[in-house]
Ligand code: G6Q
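Read the single chain below, which is given as structure tokens and is the form predicted alone.
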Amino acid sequence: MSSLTTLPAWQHLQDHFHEICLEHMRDMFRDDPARFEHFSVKFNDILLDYSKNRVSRQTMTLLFELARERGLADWIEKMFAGEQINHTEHRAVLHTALRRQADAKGSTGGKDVMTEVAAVLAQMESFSEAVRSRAWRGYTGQPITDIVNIGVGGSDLGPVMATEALKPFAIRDLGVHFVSNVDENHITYTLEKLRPETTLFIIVSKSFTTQDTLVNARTARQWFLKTAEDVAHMSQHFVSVTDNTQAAAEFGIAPENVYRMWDWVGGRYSLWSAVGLSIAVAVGMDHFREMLRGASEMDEHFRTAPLEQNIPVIMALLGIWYNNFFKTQTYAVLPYDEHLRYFPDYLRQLDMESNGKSIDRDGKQVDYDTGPVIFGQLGITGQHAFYQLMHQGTKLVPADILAPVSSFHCIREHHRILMSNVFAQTEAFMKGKTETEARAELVAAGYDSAALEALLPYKIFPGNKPTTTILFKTLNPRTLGSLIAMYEHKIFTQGVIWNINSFDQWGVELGKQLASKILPELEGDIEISSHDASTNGLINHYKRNRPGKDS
């Protein structure tokens, strides 16, 4: 058994689970009329209601004790102090330094990082304002009308999500586009709508060696130079965010157009850095700084709030409860805000790349479940897609439901119908519908006895399906920053409890290594036999059936 599963708190939770696992939340609410007050927390304009979870006050007490036994408070301080908690890559984890306020301090390896962060933020502000004000001109003297962000993973998902989330704050006559897929259709369809004279590219790659990103970047450069002809014009149309300034220069990007990022910023945590350049251009640096401010406020809450009132910790412990004791395998994120349409996609990488690990910090195979499978989409869409499984299927799927108290346009009928669905779904997941209730409903509808009995089993809903509701006033930059940081810290907390490194991603590398080996094998017509039978067969089928010859 592992050090985790032998902890007293873990053993107590295991015993407690057998006592509580069959209890229904209907009964919990009946027995505790003040359950909402006991199981909800407020932070600024965010309300976390976790009363519709299969927990009692004893459950939460035991979960908080587990966090203490795992030394969570010490790990939080290690992260904020810039210690090398990413031990496999010998790196500090200081994405929180990117959003600290101007008078804050932060260091890694004894080196002050806040001065460098402030310098990059100033550089971002100068660039974004020049583009937004039309002071930045293309090589023909025309203003920039379109920005194309080329990146993949965290260099794409974060900026895509935040730019969409803050769309009401964006400048209307500036197009912001994102290209991540190496499939030529993505960049082809993007470029065919644009003009080289008025397009500016942001190439985002920490190493400036990411194959997908560089292939798209080279295609963009070729497309641009076909019209511009002179490589000197690239200085007005290409910028880069990278830690490899030499490679960026070799690509043809002017030194003054290179924006620094650091090895202590993981890709999935990088939107707070110059990786967020496209966000700053779209919504303005003032709003970008507000997003940083909201995240910084959540950082302070996470660092200082008692565990019992600490929102990221509570969310993390609920996830531990379901993942490790109820043995759920999935977890849904369901926003009821059109602007958060890409939020589940963003969180999928943030969570699954961080905690999709089976080797602990001591290099040993774990004997317990770690990160769950994350899925989700807009709640209204999900209601007409996969909620059926959540309501009446055989899987228990815990879910977060996020919704705004008011939207930007706030058309009364639209928003009240939206919110009625939010409240109805969380109630339906919790209560379900008993046989008695279903029978009474069918009798009232006029069904005869035979038809009623035939239909009755299909009208019963077990309920007891857990949801956590997160309400916020309006999705503005400050609130968005807090929400993102909230999930970051939730994931970190779970990594601490599971004793895994949430900040490396070695599993991403294997496919890249094999792809680099296979790529030259796709040239010519020689049959391949160096792999397993399936891979050989697939490669040879592709080579026999592809159109034309290699160019």
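Remember, predicted model here, so these are calculated numbers, not experimental data. Residue indices: 1-based, along the sequence shown.
Quick note: we don't show the form predicted in complex with the ligand, though the next part is all about it.
Only one of the listed residues (N324, N257, T210, T479) places a non-hydrogen atom within 4.5 angstroms of the ligand in the predicted complex, and that residue is T210.
Think of it this way: in the predicted complex, the ligand has a heavy atom of just one of Q377, Q349, S180, S407 within 4.5 Å, and the residue is Q349. Taking the partner from elsewhere, K206 is found to have a heavy atom lying within 4.5 Å of the ligand in the predicted complex.
Although the partner is absent from this view, S155 contacts the ligand in the predicted complex, with a non-hydrogen atom inside 4.5 angstroms. Proximity of L514 to the ligand in the predicted complex falls outside the 4.5 Å heavy atom cutoff. Though the partner is left out of this view, R268 does reach within 4.5 Å of the ligand in the predicted complex, counting heavy atoms only. Partner proximity in the predicted complex, defined as non-hydrogen atoms within 4.5 angstroms of the ligand, places exactly one of 22-30, 504-512, 66-74, 40-48 at the interface: 504-512.
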